[in-house]
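Take a look at this single chain, the form predicted alone, given in structure tokens.
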């Protein structure tokens, strides 16, 4: 039997409903896999955790509810503007048991539409983690972010990552994160993602965004770069993770993109499953 895949999510209650839809999509498209969900949070209620457990139990998954102490990362600046949960993914090596060696981190605002095992077994080649770069058509944003942050590497998206937690425990330090924020606060746009790239960009293995972190805003960019090869049929057959970056989110009424209907379909199926479980 294949080994258990560790999935990591970090969130507050604001993203609880999208999380359930994302987890449902993982289950439907990976029916023969064994998963353990590591749920990192600081404020979910027992009832909210129970609503997640209802799904993982129905899927046959294990759930580890990891409530992070209220004083953890209390010294990190920008907490008033951004939820502290965004830092938990970077610091997950310090939070999770040392027996956990590797995790796939997933943002709640995405869908998994093809198997995850190739991502789980990716050879990190000695790197701290693997992530994708959202390049657009020309890749010009790499230069913009290098100028903004003073980095020399591509700008990686932190919404999907495969992390070597032993390396994370050795290399990622809370005091480094605090010092970076204090020094570059005025230049930070997405604090945890900027910090990931500033401190650890040289230790990240790049993986194909078209497969593992498909930005739904950039359908035409992907088509252009691939000379029309990566149209919607290619996406459905080859892309594993569709990421609803930016706003509006697909569960919001203002969203009406090519991929909105796909999310709403999975959301409705997940809601039907929960209704059936509640009846039983």
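Note that the structure is a prediction, hence the values are computed from the model and not measured. Numbering follows the first chain given and starts at 1.
Separately, the form predicted in complex with a further copy of the same chain exists; it is not shown, and the next lines address it.
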Open item on the list: Even though the partner isn't displayed, in the predicted complex is residue 12 close enough to a further copy of the same chain, meaning a heavy atom within 4.5 Å?
Closed with: no
Open item on the list: So in the predicted complex, is a further copy of the same chain close enough to residue 56 to count as touching (4.5 Å, heavy atoms)?
Closed with: no
Open item on the list: Test of understanding: in the predicted complex, would residue 264 fall inside 4.5 Å of a further copy of the same chain by heavy atoms?
Closed with: yes
Task: residue 16, heavy atom within 4.5 angstroms of a further copy of the same chain in the predicted complex - done: no
Task: a further copy of the same chain in the predicted complex: contacted by all of 94, 96 and 166, heavy atom 4.5 Å - done: no
Task: Heavy atom contact within 4.5 Å of a further copy of the same chain in the predicted complex, the stretch among 207-215, 56-64, 245-253, 36-44 - done: 245-253
Open item on the list: Just to make sure I understand: among 262-279, which residues lie within 4.5 Å of a further copy of the same chain in the predicted complex, judging by heavy atoms?
Closed with: 262, 264, 265, 266, 268, 269, 272, 276, 279
